[in-house]
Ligand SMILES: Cc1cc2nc3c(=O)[nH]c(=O)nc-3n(C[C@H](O)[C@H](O)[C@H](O)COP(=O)(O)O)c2cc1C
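Next up: just one chain, as structure tokens, the form predicted on its own.
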């Protein structure tokens, strides 16, 4: 058997397979079963700042509108600022998971404002999170907001959180940067410990018959992996940050590809949601068999073997290769 131990974000893991942020962590026993099957760390589902604000406003409205309905109301109902909706349930779940499993537990924060990010990040650290994943998820709908402004705001958010915390901070990115290596270089300067590629953005569809927007969330598939592999192959040659691959890992071969491209950690969610905790065991078993077959004694020996600098043909990762692929395509005549 190969040695699967991995250093990710400064955390020593027994293997590179990590439960990604997803509904899995909302079920403590399911999470524990996935850890028992081999998951080396747990990233909790994301805490959304907007969701907390919505809950707070709703609670305040419910209480405040009733305080003046009756002369005795103020003696019966609490003041709105005492209503506990400031992420307490998330913190409660974090503590319960920490008590239940013996692997690192990483909180996931999806904020909208610099103040909101730093405020909640500090509370999650205090609650015992071993690290924090910042989920940079911006949906820009205004023409008045430039891409430069978005990136400037994101870097400011990362800096503010990193300065506030003592635990490692990793940043989950989208694939939609004009220069991903350039942005990652800015992230590294903030003092962050790692990045994860990539976010799976909410992509609503349209129902033509119902004339409505379909908000169904579809799970990932292995077909989404190549986008991540390309990013990892480029970034693993240009940054010292810990690299995580998230989205598209459903088998041991998917895991092997991500490692060869340069990943330190492999985040899985959809495979576990589809097949249960057994998916973790299957992926690890297949990865171990592949490492043994290729005579890699340690998973680190395979890391980055096919990245931009180490691949037999590095140009395969570059733009010119796309033209070569198109030129080699054989059209099938059907007329």
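Predicted, not measured: the structure shown is a model, and the values here were computed from it. Numbering follows the first chain given and starts at 1.
Missing here is the form predicted together with the named molecule; even so, the following discussion is about that form.
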property: The named molecule: the contacting residue among 154, 118, 242, 220 in the model of the complex [heavy atom, 4.5 Å]; result: 220
property: The single option of 45, 275, 281, 309 touching the named molecule in the model of the complex, heavy atom within 4.5 Å; result: 45
property: Close approach of residue 31 to the named molecule in the model of the complex, 4.5 Å, heavy atom; result: no
property: 4.5 Å heavy atom contact, residue 22 and the named molecule in the model of the complex; result: yes
property: Partner proximity in the model of the complex: residue 170 to the named molecule, non-hydrogen atom cutoff 4.5 Å; result: no
property: Residue 269 within 4.5 Å of the named molecule in the model of the complex, heavy atoms; result: yes
property: Candidate stretches 156-164, 95-103, 261-269, 139-147, one within 4.5 Å of the named molecule in the model of the complex by heavy atom; result: 261-269
